[in-house]
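What follows is a single chain, given as structure tokens, in the form predicted alone.
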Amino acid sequence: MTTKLRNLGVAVAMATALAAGAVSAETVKVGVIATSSGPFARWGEQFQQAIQVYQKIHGDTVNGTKIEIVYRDDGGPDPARVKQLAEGLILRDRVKFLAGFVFTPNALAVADLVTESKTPTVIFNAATAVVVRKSPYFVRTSHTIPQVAKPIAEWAYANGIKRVVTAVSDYAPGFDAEQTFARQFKAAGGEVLDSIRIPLSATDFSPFFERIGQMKPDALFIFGPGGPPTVGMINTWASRLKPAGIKLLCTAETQEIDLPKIGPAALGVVSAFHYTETVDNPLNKALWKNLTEMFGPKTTPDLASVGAYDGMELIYRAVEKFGPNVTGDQAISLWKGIAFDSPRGPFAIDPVTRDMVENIYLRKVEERDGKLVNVNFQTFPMVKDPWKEWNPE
């Protein structure tokens, strides 16, 4: 531990003890750092909703130990702020666990800190493949971009798509998507005509898609950051490329929570992802039921919901086994290789990589009962992150 962190920890501990006494041994605090304001605020909202549903179903105590959630808003991608928030949660609030982390840079910002403090940290999203390698105290309950991009590339070539263009947002997750899709598609025998990177600030996608149309691929594979850019990409495809018979392939871009904003343009889009809102299992039905009862009939679970829900399952199991004084090493040891049923389907943590092993679903957007939904048509069972297999330590 650095001298700065050690001295700050001692000072805070003394002040806390003098002012308020030690934290109760019967309470375990979980610090959740997420985006609850600004354009990406829905992430924090969905994390909180899923955590509240989990605690409604399972209670807020484990063998007499109360689980207290301490929320902090990072405001969006802001590594410096996130590191400050994490320091405060560890040293002042005395949390036993950290969790949350929507964006990759925010997760990376706390890697050294949680390693020094040995704080077990559950990443609910931050899907860039390399993230979990940055600290032995990281686990992840979402997915990696390569984990969902590889299966759709396999499916595309096997189903008559031989020539593609990739168009991704110009940031790290986009690079993961582009490189994984291209690698797998070429390995299968396909041809990638061009790989286009679109600035995150772009609002007009017409020039990019006009160029794609001139190349006449069988399909376009896209990756966007969510929100307006993704909506813009899909609508531009529907108006410019779909009439020419160019198919659209993607990953999270057609999550059901976004489909009302995209509209009929999304019909026929094929995607690959680890969670489909229409998946038929009892836990997913219970998640839907409780979310809509607690937060309104229009509430829709998505990747943020299952990331937080399953993250709480990990934390509860660690406290159940080791009690309120659980250590980081104990928690991580338990989580390596753990497996359980999830609203997404079967879920496990790889004992070597500390990343998820889970089903990846191929889905197509259809209209059912007047509503746009993703409908699964093929399952790739219990997929590991291929990036770590391709890039061994």
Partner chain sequence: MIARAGNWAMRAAPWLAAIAVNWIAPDYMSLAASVLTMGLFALSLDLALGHAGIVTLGHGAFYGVGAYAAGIFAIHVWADPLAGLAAATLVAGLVGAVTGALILDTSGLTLMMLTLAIASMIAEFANSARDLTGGDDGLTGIRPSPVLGLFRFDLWGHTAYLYTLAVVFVWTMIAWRILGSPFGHSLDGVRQNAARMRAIGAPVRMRLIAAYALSAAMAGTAGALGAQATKTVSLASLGVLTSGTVLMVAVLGGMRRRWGAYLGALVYVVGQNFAAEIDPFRWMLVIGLMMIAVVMFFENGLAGLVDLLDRRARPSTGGGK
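Since we're looking at a predicted model, the values are computed, not measured. Residue numbers count along the first chain shown, from 1.
The same protein also exists as the form predicted in complex with its partner chain; that form is not shown, yet it is the one meant from here on.
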Okay, which stretch from 167-175, 315-323, 153-161, 246-254 lines its partner chain in the predicted complex, with non-hydrogen atoms inside 4.5 Å?
-> 167-175
Ala202: heavy atom within 4.5 Å of its partner chain in the predicted complex?
-> no
Please run the contact check for Asn281 against its partner chain in the predicted complex: heavy atoms, 4.5 angstroms, yes or no?
-> no
At the 4.5 Å heavy atom threshold, is Met294 in contact with its partner chain in the predicted complex?
-> no
Using a 4.5 Å heavy atom cut-off, state whether Thr65 contacts its partner chain in the predicted complex.
-> no
Decide if the three candidate residues Arg72, Leu113 and Lys134 all line its partner chain in the predicted complex, where lining means a heavy atom within 4.5 Å.
-> yes
The single option of Lys186, Arg92, Lys289, Lys216 touching its partner chain in the predicted complex, heavy atom within 4.5 Å = Arg92
With its partner chain left out of view, choose which of Ala109, Met233, Ala266, Ala99 has a non-hydrogen atom within 4.5 angstroms of it in the predicted complex.
-> Ala109
